[in-house]
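In structure tokens, the next block holds one chain alone, the form predicted on its own.
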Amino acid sequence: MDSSTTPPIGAITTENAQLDVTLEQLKKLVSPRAFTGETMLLNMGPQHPSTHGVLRLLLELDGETVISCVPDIGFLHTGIEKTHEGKTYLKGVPLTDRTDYLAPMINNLAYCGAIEKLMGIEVPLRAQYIRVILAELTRMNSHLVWLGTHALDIGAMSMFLYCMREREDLLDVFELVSGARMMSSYFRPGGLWRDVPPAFFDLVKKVLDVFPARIIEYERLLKENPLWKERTIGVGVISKADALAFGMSGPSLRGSGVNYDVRKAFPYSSYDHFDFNVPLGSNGDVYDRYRCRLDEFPQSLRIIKQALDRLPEGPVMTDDRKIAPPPKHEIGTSMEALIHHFKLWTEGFSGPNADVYFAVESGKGEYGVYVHGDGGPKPRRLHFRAPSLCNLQALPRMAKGALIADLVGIVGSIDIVLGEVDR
């Protein structure tokens, strides 16, 4: 080969451009210097699924400074949305557990809320309050995993052990009500699978008693820790305008000072019955996103206490027999109840030919479900508005100009779950 046509060492060529894009498209993602070898391209990931998830970042580096960052997603794509089209509305509930697998009950709530909106079903108040209690415990569960792994990534190893210790108390509650620690499928269209057992109240009160002291412990370990502040303040900054333009939500958006929380903006499941504050940041950096999530712990405890104190008596499933199964005690004595139960679980119930969108505030942001019914028992189309995907879109903007050593902290600060990103 003529030396005059040989590309410089490290320059991009057709042979080493491994993204699923053409060379022309790649030119729009990286700077011209990457094609002359002045900057270096480096693959970060994909890592093993047992880490944060299988994510690949194509980095362009000038020394240790990130010039551009291109996320490459899809390694965990499972086709959940397409699978829903072959499931009845009722049988679709377990699939929602497996998107953001750290917040299964919040996913259940969004999906059931969409079905209830489509069907015009009113959920009993007791079921709404129990949903709120479990959704806030789920938010805490999600934040604990985030805090433990995020701190571990940056080097604060003890935090992971403490967060997993507290998480066990929350998983005990989930296991008690649903029989499963993670993939609960406890919320059902029209209400709940069953009422909570008597031991539920003692376990939740234990959480309310124990957690305030634990939060103080977390604060002592990190809030004023000079090494923690050095690694997080002024790192991964994104402005309020950019955060909105990228469609960010949740603590990642509120860390930039945008006061938007679905629980306040569009109250659902009786959230308007409870008094709580929405923590906000101002600088839009890794530290502010950390503060927003940590400050949400006391607010979740506050909501849970109010819901527990005011929990009304009554049923936990709608009395609309079109979607509600018959009481279990009737199945052994009533042929009509047995037939109804059999038809509900085999054929399902039919929804109208209409479309709806229903959103909730998950631990990561606005988690929305779009359902388009076709008049039958299965949806024509179902789509999840995944906050992890929208927040990940902003990573290139946050990473530009940062040091490669800070990249893990930036990725951790937006708290993505790849099961939700890829779906």
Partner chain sequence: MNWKTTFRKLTRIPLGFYTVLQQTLRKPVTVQYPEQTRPMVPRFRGRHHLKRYDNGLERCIGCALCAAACPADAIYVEAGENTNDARFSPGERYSQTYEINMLRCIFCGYCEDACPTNAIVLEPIEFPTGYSREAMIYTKSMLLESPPINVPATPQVTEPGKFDRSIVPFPPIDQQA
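Values in this document were obtained by computation on a predicted structure and should not be read as measured data. Residue numbers count along the first chain shown, from 1.
In what follows, reference is made to the form predicted together with its partner chain, a form of this protein that is not presented.
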**Message:** Within 4.5 Å, heavy atoms only, one stretch in 262-270, 176-184, 145-153, 298-306 touches its partner chain in the model of the complex. Which?
**Reply:** 176-184
**Request:** Decide whether Leu221 counts as a contact residue for its partner chain in the model of the complex under a heavy atom distance cut-off of 4.5 Å.
**Result:** yes
**Distance check, Glu313 to its partner chain in the model of the complex, heavy atom within 4.5 Å** = no
**Request:** Would you check, heavy atoms only and a 4.5 Å threshold, whether Ser350 touches its partner chain in the model of the complex?
**Result:** no
**Request:** May I ask you to state whether Phe201 is within 4.5 Å of its partner chain in the model of the complex, using heavy atom distances?
**Result:** no
**Proximity to its partner chain in the model of the complex, single hit among Asp195, Asp242, Asp320, Glu85 (heavy atom within 4.5 Å)** = Asp195
**Message:** Under a 4.5 angstroms heavy atom criterion, identify the one residue in Lys205, Lys91, Lys117, His77 near its partner chain in the model of the complex.
**Reply:** Lys91
**Request:** At a 4.5 angstroms cut-off on non-hydrogen atoms, which residues of 318-333 are near its partner chain in the model of the complex? List them in order.
**Result:** Lys328, His329, Ile331, Gly332, Thr333
